[in-house]
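Shown next as structure tokens: one chain only, the form predicted alone.
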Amino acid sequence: MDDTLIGRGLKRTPLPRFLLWLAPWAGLLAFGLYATYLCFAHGLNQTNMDNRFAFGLWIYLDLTVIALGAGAFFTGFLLYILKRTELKAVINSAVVIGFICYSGAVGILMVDVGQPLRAWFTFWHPNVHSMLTEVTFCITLYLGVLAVEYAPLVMKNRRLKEIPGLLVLEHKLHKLMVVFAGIGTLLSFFHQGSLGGLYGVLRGNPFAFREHIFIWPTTFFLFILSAAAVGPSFVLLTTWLVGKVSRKRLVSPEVFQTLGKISGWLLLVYVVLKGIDSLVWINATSPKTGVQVSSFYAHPPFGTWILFAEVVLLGLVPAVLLLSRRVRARTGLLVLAAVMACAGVVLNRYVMTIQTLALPSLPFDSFLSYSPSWQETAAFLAVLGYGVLLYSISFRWLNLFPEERELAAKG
């Protein structure tokens, strides 16, 4: 395959072939932007959401994307704070993934509020009693942190390095990465927790309501831990996928194994705590409200299988696999375990968002079904198109994987 040299020891596919790769993703982005225009021009009547189902596809996928994007803050925390230097091989890619996830989430939230021109009200007239206020501030600030962390990667481009001022700025920013990693970790911990705590304080919804530890419901801590657990798995998965698409060795097998091991231990802790939380909820929290847990699973498709799939099949099983040295030694099985771990948090966010709103809150309420409109689906597909475009451009012209040159030289 003919490659184009973009840096010392780094080769990429020729530009025409690269543009051909970008074309369908650009088309997906354009289609989503058209759907976004319809929502801006005609309002949220373009969606299938209403006063009862105020949180739909967008919020569910936003929670999912933000959880998967946790690999950015947690990898930075492990590298800069805990000094796990082996993760330097993926930190640049993790920053790009985090920036894509958070900027995409903020973008779709601008559509979701219905009147994006009033989005600034959250900052100027904050509701200090709302967890969403804290989430808004933390997500916005952390997106700023990710932008600062992304900037040095851009400045390291071989063309931009020829500009002395940018070279000096990149060097100064690099020395501050420890500070930004600490700030990013703090911001991420709080907004991940508040997203979970938002559901746990719903006293009028016995399905979501949870017991409190200090002033926070247990879902506050479970959301933080689940995001931290799957973050390394998602970084592992995307690194493997980019390597397959580009047909290049980007990191050593030891990096994959380290990510898998970290994810496995955190996932195991999460599953244990999630299991304890579920047992307390089943035997104490829910009965106190006068509602039996069996009623929450009496409406298809939300059978008891969904709880088993979330905690055992996509929680305990991948945790055990990721902790197995034999599994980590085989890339195929390691990737499969990472996929299962990521699928587990995707299912958890679905349950907490869609199932919570579908179930009746009061005895005279009815079970609601919800399916997104094509505008909702297309608007979020725009985030996928945007993400692939930005990552592809970053991979082509920036050095996302410091080990790539050395691995290429070894053949």
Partner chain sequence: MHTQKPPSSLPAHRYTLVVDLDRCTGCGSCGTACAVENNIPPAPERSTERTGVVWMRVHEVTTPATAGERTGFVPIPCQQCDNPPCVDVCPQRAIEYDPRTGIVGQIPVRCLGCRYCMVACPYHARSFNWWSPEWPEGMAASLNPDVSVRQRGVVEKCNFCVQRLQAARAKAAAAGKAEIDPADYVPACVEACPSRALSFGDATDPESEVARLVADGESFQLLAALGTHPKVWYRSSDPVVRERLSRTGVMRG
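Positions refer to the first chain, counted from 1. Worth saying up front: this structure is predicted, and the values here are computed from it rather than measured.
Here the subject shifts to the form predicted together with its partner chain, a form of this protein not shown in this document.
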Only hit among L225, L153, A181, L198 for heavy atom within 4.5 Å of its partner chain in the predicted complex is L198
Scan G303, P253, G275, P126 and let me know which has any heavy atom within 4.5 Å of its partner chain in the predicted complex. P126
Does any heavy atom of F209 come within 4.5 Å of a heavy atom of its partner chain in the predicted complex? yes
With the partner left out here, check for me: in the predicted complex, does some heavy atom of L44 sit within 4.5 Å of its partner chain? yes
Does any heavy atom of L63 come within 4.5 Å of a heavy atom of its partner chain in the predicted complex? no
Quick one: is A26 in contact with its partner chain in the predicted complex, heavy atoms, 4.5 Å cut-off? no
Which among 342-350, 379-387, 66-74, 35-43 is in contact with its partner chain in the predicted complex, heavy atoms within 4.5 angstroms? 35-43
Checking a candidate spot here: are V113, G290 and S361 all in contact with its partner chain in the predicted complex (at least one heavy atom each within 4.5 Å)? yes
Contact set, 120-139 vs its partner chain in the predicted complex - heavy atom within 4.5 angstroms: F121, T122, H125, P126, N127, H129, S130, M131, L132, T133
